[in-house]
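The chain below stands alone and is given in structure tokens; this is the form predicted alone.
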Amino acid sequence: MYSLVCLVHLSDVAAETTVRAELQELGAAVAPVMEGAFNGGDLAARLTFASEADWRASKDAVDAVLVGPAVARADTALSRDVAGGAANPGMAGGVWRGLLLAANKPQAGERMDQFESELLLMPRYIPAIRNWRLGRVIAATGEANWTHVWEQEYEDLGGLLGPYMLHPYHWAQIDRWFDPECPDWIVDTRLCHSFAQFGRSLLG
């Protein structure tokens, strides 16, 4: 399965309704980005494709929306599933969180398997993560050459900002990959941390 995450920064906020409708016509789930995101855009959009060929068939139409006059820029990442899971596949409501990251430091290659496996262990230790997906990026636009998309879903915003962000597994095990002062650092400090409410589960 392939997924395209688009974090859209609007140049014309008045055109939000139009941009949202245009993306929805192309099959995207679209929602306003919630306050508190970091480099997360104004709108979050997500499309899924059965194959890379299906994405290529839709690419021009999606690109046309993202380069329109109402869009200042968009960070996008087309990724192929590494792994995922669903503790609550039928979750109604909830909060989706998407992290676009670039694990591109020179030592990243030899440590990539460990990095990915440790990310995927997070739901085991942090039950607030209800559904999750890790994807390797094969095409990207925006502020960095994104390498991964790490998505989770929570029952509410508190699950993300509390049990997830503050959990010992997060700050003692995962944060070292993101910390330039740590020898294990492999992730560029430029990130897109976005969260939104789509009204339904996108990962379940």
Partner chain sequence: MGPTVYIIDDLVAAPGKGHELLGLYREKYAPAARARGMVLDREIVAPPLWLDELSNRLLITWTVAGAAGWWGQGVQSRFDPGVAAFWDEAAPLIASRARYFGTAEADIAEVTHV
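Positions refer to the first chain, counted from 1. Here the structure is a predicted model, which means the values were calculated and not measured.
If you look for the form predicted in complex with the partner chain, you will not find it shown, but the lines that follow are about it.
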So in the model of the complex, does any heavy atom of residue 61 sit within 4.5 Å of the partner chain?
no
Look up in the model of the complex whether residue 166 has a non-hydrogen atom within 4.5 angstroms of the partner chain, and give yes or no.
yes
Does the 4.5 Å heavy atom contact test between residue 138 and the partner chain in the model of the complex come out positive?
no
Distance check, residue 11 to the partner chain in the model of the complex, heavy atom within 4.5 Å
no
Since the chain is shown here on its own, which stretch among 42-50, 65-73, 168-176, 25-33 would lie within 4.5 Å of the partner chain in the model of the complex, judged by heavy atoms?
168-176
Of the residues spanning 172-204, the ones with some heavy atom within 4.5 Å of the partner chain in the model of the complex are 172, 175, 178, 179, 180, 181, 182, 183, 189
